[in-house]
Ligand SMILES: C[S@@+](CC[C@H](N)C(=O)[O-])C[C@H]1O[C@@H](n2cnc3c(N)ncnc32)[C@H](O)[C@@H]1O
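Next up: a single chain in structure tokens, the form predicted on its own.
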Amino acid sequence: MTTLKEELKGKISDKELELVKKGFDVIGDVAVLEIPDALKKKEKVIAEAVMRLYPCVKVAAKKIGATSGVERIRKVKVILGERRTETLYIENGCRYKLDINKVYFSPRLGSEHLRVAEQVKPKETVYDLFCGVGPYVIPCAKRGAKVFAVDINKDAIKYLAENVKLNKVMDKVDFAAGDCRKVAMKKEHRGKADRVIMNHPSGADKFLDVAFYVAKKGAVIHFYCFLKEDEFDAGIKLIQAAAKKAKRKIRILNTKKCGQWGPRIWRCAIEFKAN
């Protein structure tokens, strides 16, 4: 397939071509581009090239800031095509309606969503403490698990409600909007989870106490964090410290890189059993 740089050759200068970012995300029919300030005047030319390469793309948008806030949103601005940021995305046979200006979603994590879901057994009880629009919730529910999902972002929960219906798993999913500490640390949730998913790599360590609270003896916890190349043990130490405070014993089952976040910084999954 023709690359973006190949498609742009002759349409912008060679010097400008060097500044073009090779990678971009396509979420449903929306392309999300990263355009350097030096190429601002050529952003529509770049967007046109993307839409030629991907006829399914109806909206070309550019990132206008870093992922920020407790809701982990990275804002975008439409530069070409239909004036909207809502789309329908299909991943591993599941459908997700979402607005990229209102919720966090990464299409680069599709294989990770599937990897975790494939570990789920029918009739398990799964707690997703930072559920977003449901990329872990839906595939787990489709495998027969009962899922309790929480997110502090009310828009994410609104879309999760739609996605539960879209994927016909209404009877398998309960959800709530709010801080997972306030929502999940209630008597009715204590020791209920066979599996806990903590997909919040920039802040999950602050909620390990919640994971231990909802986890029954022998539960598996999927913990995500950002770690430097030479500091992979740091994530395990965070878990060990939280386990000691919660008076729980743990056994590390698996550690895995799930994509590079920055220079020598990785998004890592640490899976462990809480006894």
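Sequential numbering from 1, following the sequence displayed. Given the structure is predicted, the values throughout are model-derived calculations rather than measurements.
The same protein also has a form predicted in complex with the named molecule, omitted here; what follows describes it.
Put simply, Asn199 is close to the named molecule in the predicted complex: some heavy atom of it is within 4.5 Å.
The shortest heavy atom separation between Glu71 and the named molecule in the predicted complex is within 4.5 Å. Although the partner is absent from this view, Asn153 contacts the named molecule in the predicted complex, with a non-hydrogen atom inside 4.5 angstroms. Asp179 belongs to the set of residues with a heavy atom inside 4.5 Å of the named molecule in the predicted complex. Stretch-level contact check against the named molecule in the predicted complex with heavy atoms at 4.5 Å: of 185 to 193, 128 to 136, 81 to 89, 167 to 175, the positive one is 128 to 136. Contact with the named molecule in the predicted complex holds for all three of Tyr104, His113 and Phe207, each having a heavy atom within 4.5 Å.
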